[in-house]
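Here we start with a single chain on its own, the form predicted alone, put down as structure tokens.
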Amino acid sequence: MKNIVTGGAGFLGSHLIDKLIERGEKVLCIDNLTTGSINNISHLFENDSFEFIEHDVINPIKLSCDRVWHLACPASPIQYQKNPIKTTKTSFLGTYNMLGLALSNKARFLFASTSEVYGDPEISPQDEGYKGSVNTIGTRSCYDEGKRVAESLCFDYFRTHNLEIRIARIFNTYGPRMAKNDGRVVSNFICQSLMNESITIFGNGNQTRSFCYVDDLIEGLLLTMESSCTGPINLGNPNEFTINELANIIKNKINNEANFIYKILPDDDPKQRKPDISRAKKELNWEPMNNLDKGLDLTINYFKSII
């Protein structure tokens, strides 16, 4: 089996590649290294089953493959808001080009979508039938609407060309290889605590998130690709925590003396995130196995090693 993984030098992509290599499959990693890091894949450079191509998916490329795993796109607000036009281009043109590549190879295509397609939700938990509450002209819309139009494009290729597609809507995921400066709440809190800085909380801290450890998420992606379920399918941990609760858990694990600083909540920041994973349980026989306590310990040990 020959796999193409776009965004393969990123946090999720590199973990996915490791699992595919472990299964004895060949992997061609595509990444322009805007947010990905060579450090995440350098351990694979001597492996004959691995190849890396530095390439931006907004430009077409011709390759042979059996599977396309399309993960390429900046995923944290700090990253995708740096160049919002490029983010939208990556979501649309990148997906368009990779769908064309999959079609030319008659390959199965998995698109890494996001819980952000639900916007600032009006229901909880969020199931796949919920159409979302997204500000189409807000500062986050380059990512939120970019992923929504990419999903639309995937289904048009499915309906028009009978292309085998799989769509996974990924909720907040954390673990080793997160970038320490990407602005995500878990990495922010851990790094600030390790460096004896105040923990920065946006809003009043009562907004909620559901945190899935990376190993569980990757297992969900692998099962999604091999299943007969087109999707979309939610992948995430349904255990919900407030940001204040997360901050206190990390504070108690690293630095009991840490202070909290509260800042204004960014526009359109979701107040609630909790996936309904009924479809994943039914179609994939999947649910997360790692609780937040265990996952945070593993993640903290990783950041200790790089700070």
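Predicted model only: the values in this text are computed from it and were never measured. One-based numbering along the sequence shown.
The form predicted in complex with a small molecule is left out here; the points below concern that form.
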{"item": "Close approach of T200 to the small molecule in the predicted complex, 4.5 Å, heavy atom", "value": "yes"}
{"item": "In the predicted complex, K274 touching the small molecule (heavy atom, 4.5 Å)", "value": "no"}
{"item": "Residue contact check: R148 to the small molecule in the predicted complex, 4.5 Å heavy atom", "value": "no"}
{"item": "I243: touches the small molecule in the predicted complex, heavy atom cutoff 4.5 angstroms", "value": "yes"}
{"item": "Listed residue that, although the small molecule is not shown, lies within 4.5 Å of it in the predicted complex (heavy atoms), from T88, Q207, N97, T224", "value": "Q207"}
{"item": "Among the candidates I249, I61, L44, L265, the residue which, in the predicted complex, approaches the small molecule to within 4.5 Å (heavy atoms)", "value": "L265"}
{"item": "Segment assignment from 148-156, 186-194, 129-137, 100-108: heavy atom within 4.5 Å of the small molecule in the predicted complex", "value": "186-194"}
